[in-house]
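Quick setup: one chain, the form predicted on its own, written in structure tokens, and binding and motion questions come after.
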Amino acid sequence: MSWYNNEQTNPDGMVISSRVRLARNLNHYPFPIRLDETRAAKLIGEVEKVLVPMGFQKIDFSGISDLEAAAYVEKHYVSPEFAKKDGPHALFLNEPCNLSVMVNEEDHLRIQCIEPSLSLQEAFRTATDLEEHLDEALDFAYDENLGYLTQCPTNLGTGMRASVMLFLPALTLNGYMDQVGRELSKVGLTVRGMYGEGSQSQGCIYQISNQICMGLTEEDILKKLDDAVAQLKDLEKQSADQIRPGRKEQLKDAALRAVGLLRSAWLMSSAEFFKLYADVHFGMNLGFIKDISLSKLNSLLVQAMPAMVTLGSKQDVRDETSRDRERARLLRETLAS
């Protein structure tokens, strides 16, 4: 299974994926900011003894190229900060279970599960099952008053960040996203781009996540996020209904033109792909396009990214033009009618 969705689990085409990430630190190690390389490597070894027998693959980020590291960011397995980090740090990955564990990021462990569509409860159960197994073996730092101890005070408490990736073209088109962000902040939620904190929205894709970890239970956080997603889906539908007929004709034209470009272009930049992705996806949601699979379209949110295109190419991709040519080839083959 992949984190991108399919028509069966996401009939309205709005929710792309759900993620739960748990920040945890070990009692007998200082926080990563004070962790020397010897102890950082030792910590990775302790985690390896637990996870590798469970079917996890270890990826040593101290020994991979910048391009390979960028590809893991594009697949949403690691943060951009983790990919650029110096010193011993490793990713443990179990793709069939949609699980990943970053070791030595901002905290000792970042346990993450990404599930397709609106699956917060499933992602939470999967992540916490692994967290409990790791806690038994590694002894996580926990305080009765503060909750799980984390390097950044904003993660104290549950140490949990839950998020949902949403496609919201009508709210974007009608200029409502700033207002949406303000309203969500009043209930402890925030709006980010598709790569999380510090990233910008591309292709009308947004991550909605909790800002507060302390003073709430994990169940409280998940319910608040579930409720917000339900409201956003209603608002998106209402916003789409407000589009006047003449504008819908223009959107239909843009969607059909976008399909043509994706299926025939010889060169395609990342920026152009995101624009065309949004046009096609919105056209599908409005019922203008029926011959493209949503799961296939959403898979391109990973496959068509720069590092993934470069690594996946059978050709020698040395510059931006050759990468754009390879991306266009991928799009033509993936979306061939």
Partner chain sequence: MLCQNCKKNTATIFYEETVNGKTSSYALCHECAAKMRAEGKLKDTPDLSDTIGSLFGNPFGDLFGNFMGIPEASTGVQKTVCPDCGCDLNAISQTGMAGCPTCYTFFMESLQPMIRNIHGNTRHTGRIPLRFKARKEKKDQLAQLKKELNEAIKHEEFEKAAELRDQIRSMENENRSESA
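These numbers were taken from a predicted model, which means no experiment stands behind them. Positions refer to the first chain, counted from 1.
Missing here is the form predicted together with its partner chain; even so, the following discussion is about that form.
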{"item": "Candidate stretches 263-271, 89-97, 133-141, 67-75, one within 4.5 Å of its partner chain in the model of the complex by heavy atom", "value": "133-141"}
{"item": "Heavy atom of L26 within 4.5 Å of its partner chain in the model of the complex", "value": "yes"}
{"item": "Heavy atom of L222 within 4.5 Å of its partner chain in the model of the complex", "value": "no"}
{"item": "Its partner chain contact in the model of the complex: E106, any heavy atom under 4.5 Å", "value": "yes"}
{"item": "4.5 Å heavy atom contact, Y206 to its partner chain in the model of the complex", "value": "no"}
{"item": "Selected contact from S201, Q151, T126, S79, since only one has a non-hydrogen atom within 4.5 angstroms of its partner chain in the model of the complex", "value": "Q151"}
{"item": "Among the candidates A83, A162, L166, L232, the residue which, in the model of the complex, approaches its partner chain to within 4.5 Å (heavy atoms)", "value": "L232"}
{"item": "Partner contacts for 212-229, taking its partner chain in the model of the complex and a 4.5 Å heavy atom cut-off", "value": "I212, C213, M214, G215, L216, T217, E218, K224, A228"}
